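Quick setup: one chain, the form predicted on its own, written in structure tokens, and binding and motion questions come after.
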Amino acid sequence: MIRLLLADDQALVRGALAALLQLEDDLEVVAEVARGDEVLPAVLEHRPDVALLDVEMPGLDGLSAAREVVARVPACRVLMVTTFGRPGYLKQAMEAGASGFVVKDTPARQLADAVRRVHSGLRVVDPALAAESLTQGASPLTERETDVLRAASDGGTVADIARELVLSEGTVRNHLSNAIGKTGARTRAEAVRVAVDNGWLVPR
């Protein structure tokens, strides 16, 4: 049996995935969590063979959770299963050590096959997304610009962002200005939207 952990903040989606996968004779769902910060503790407790993670979750995004799992429990393979097929997310997932990336509307039989292939040590990537990723290129944002944009996504003031990230207000303004310019946006709200749409930024 291939032991699975499912992580998705939408209970209906998580339940449907569990029901579909457990119809397969060789797959068993041993744990389900609704938050990204619950992934690693559940992996350590239940020792699944494959963890299926959504990208956007409360507590910790799925890409960061994948990075934790790969670092702490390398025997557990990670398969990202997300609604948002964004090229930037695919690149970040591969950099985090995930073994696969598929979208949630993948047919159940193909998803089960993806789980088996990832478990056997192969990489599985949605082909259309892989092609799009090759043409798009990497994020133009630096790590700090990404942090500042993520903090700005809550709608806080420059002072709020500066306090959260322990930066000066002038530094925050500079990073916001750079991010707005690089995304071709006119406002920071538009810059956040462009970054999220391209998968350069995981909203919180």
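The term rigid core refers to the maximal set of C-alpha atoms that superpose within 1.5 Å between the two forms. In this text the structure is predicted, and so the values were computed from the model without any measurement. For every residue, the number given is its place in the sequence shown, counted from 1.
The protein also exists as the form predicted in complex with the DNA; that form is not presented, and the subsequent description refers to it.
Across the options 28 to 36, 65 to 73, 140 to 148, 49 to 57, residues that bring heavy atoms within 4.5 Å of the DNA in the model of the complex belong to 140 to 148. The closest heavy atom approach of Arg188 to the DNA in the model of the complex falls within 4.5 Å. Contact annotation: Leu21 falls outside 4.5 Å of the DNA in the model of the complex, judged by heavy atom distances. Although the partner is absent here, Val158 is a contact residue: one of its heavy atoms lies within 4.5 angstroms of the DNA in the model of the complex. Contact check for Gly170: a non-hydrogen atom falls within 4.5 Å of the DNA in the model of the complex. The partner is not shown here, and in the model of the complex the stretch 41 to 74 never reaches within 4.5 angstroms of the DNA through any heavy atom. Relative to the superposed core, Gly59 undergoes a Cα shift smaller than 2 Å between the shown form and the other one. With the core superposed, Val13 shows a C-alpha displacement below 2 Å between the shown form and the other one. Core-superposed comparison between the shown form and the other one: the CA of Ala179 exceeds or equals a 2 Å shift.
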